[in-house]
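Only one chain is given next, in structure tokens, and it is the form predicted on its own.
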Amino acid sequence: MKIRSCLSAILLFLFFSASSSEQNVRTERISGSAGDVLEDNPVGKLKVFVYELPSKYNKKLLQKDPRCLTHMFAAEIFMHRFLLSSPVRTRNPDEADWFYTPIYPTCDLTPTGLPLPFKSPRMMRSAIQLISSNWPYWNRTEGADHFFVVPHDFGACFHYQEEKAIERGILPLLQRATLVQTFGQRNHVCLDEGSITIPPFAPPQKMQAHFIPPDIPRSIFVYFRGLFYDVNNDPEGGYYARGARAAVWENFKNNPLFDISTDHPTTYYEDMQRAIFCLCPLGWAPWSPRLVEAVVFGCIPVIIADDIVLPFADAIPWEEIGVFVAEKDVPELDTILTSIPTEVILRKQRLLANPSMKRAMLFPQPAQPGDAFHQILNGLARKLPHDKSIYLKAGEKELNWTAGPVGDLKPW
């Protein structure tokens, strides 16, 4: 144990000294095509028509529960607000490349602030029935030139438990549409091939209020605050996070290199800025706001979520700025992280310090060039022009309106 303690102290000194020396070279641009995509400007490359829906689908839901503005699913609200005043918006649907239906399917919260996904399919079905009845554009493609923001844990599968989400599958009426969603996992029934994976919402102004001077050294090696076991929803402890979070706690709760706890201190944001590595393990879904927080605060994200599809993966070089650890390898985390060469750590920190990287992960008010709103539009622009095969012949049908659970067919 003495040898291990001495080794830990030496490693801490080496890494913290290296991290402090990073101040000489603070930023580095992403090279090649990824950097070009990250700084791309979608204006002039697409036109979006925003359907006008009754307020029961959006504004009234928000008036009923303003907490929807601050939870991690709030991108559905801010994307709507952004598009209403965006230069890509067109009021002439005949010239539109894309059609957007502004509904807030996660703005139906429990007293504790968690979204109830059970009504979302009914709300979505109701909205699609409305636009297909009042406008001709849905019917000619059955949604293939429409996009929807579906920020549930498992996107348009509309459930927070993976087993039940897989059983439900993507809402049949959305199977031709482009889904803009936080969920992304390769070879998963809840991820459509054409989906655009986005970061969860993290309040930009709140985060900016906690910035600390950049010359303060990173004196924490590994940092994490959050649940290791979800005893309320997973009393046996083996399903939540597929056991990865439990493995972090059991293996490293007494390791001096790991600052991990279930406590959520008022200095949480400041602590992330003092850390070299921030753990970003899966929870019920593969993603969480920690990924956004780590990037914004320059803390190297340690991504523990097998087969995850990360936000804007064609623009953000996640392999270069983060560290990927397989769920089965969590017990080796200390060895993996202490084996990373100092020069590799410094380069990841320089890339993370690039302002364009941080902007791409945020939904600021007002919007800024290169932010997450613009990255979504870039993703939509790269899917143009639409293939002629998306247009159906008169009377032709692709989607089954009565498919899915019986409960989804109830009026909303």
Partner chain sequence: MKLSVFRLSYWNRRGNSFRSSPSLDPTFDGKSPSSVFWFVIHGLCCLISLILGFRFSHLVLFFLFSTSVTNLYTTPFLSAGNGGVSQLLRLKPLETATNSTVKKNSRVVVGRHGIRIRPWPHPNPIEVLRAHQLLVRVQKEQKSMYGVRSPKTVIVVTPTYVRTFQALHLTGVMHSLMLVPYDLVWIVVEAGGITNETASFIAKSGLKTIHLGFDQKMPNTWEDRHKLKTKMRLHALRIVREKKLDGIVMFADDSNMHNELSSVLKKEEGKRKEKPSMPIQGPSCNSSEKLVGWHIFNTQPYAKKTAVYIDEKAAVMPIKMEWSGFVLNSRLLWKESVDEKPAWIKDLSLLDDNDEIDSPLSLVKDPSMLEPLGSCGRRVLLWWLRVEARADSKFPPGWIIKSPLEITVPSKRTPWPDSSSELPAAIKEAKSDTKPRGSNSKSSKGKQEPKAFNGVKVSTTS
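Residue numbers count along the first chain shown, from 1. The structure displayed is predicted, hence computed values, not measured ones.
Keep in mind the form predicted together with the partner chain is missing from the figure; the text below concerns it.
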query: Contact residue in the model of the complex, from Arg350, Lys45, Lys383, Lys59 (heavy atom within 4.5 Å of the partner chain); finding: Arg350
query: One residue of Ser85, Gln208, Thr267, Thr110 in contact with the partner chain, assessed in the model of the complex (non-hydrogen atom, 4.5 angstroms); finding: Thr110
query: Contact flag, Arg242 vs the partner chain in the model of the complex, heavy atom cut 4.5 Å; finding: yes
query: Exercise: Glu142 in contact with the partner chain in the model of the complex, heavy atom 4.5 Å; finding: no
query: Touches the partner chain in the model of the complex: Arg91 (any heavy atom, 4.5 Å); finding: no
query: Leu53: touches the partner chain in the model of the complex, heavy atom cutoff 4.5 angstroms; finding: no
query: The partner chain in the model of the complex: contacting segment from 314-322, 276-284, 93-101, 120-128, heavy atom within 4.5 Å; finding: 276-284
query: Joint contact, Asn187, Phe221 and Asp334 to the partner chain in the model of the complex, by non-hydrogen atom at 4.5 Å; finding: yes
query: Stretch 152-168 - residues with a heavy atom within 4.5 Å of the partner chain in the model of the complex; finding: Asp153, Tyr160, Gln161, Glu162, Glu163, Lys164, Ile166, Glu167
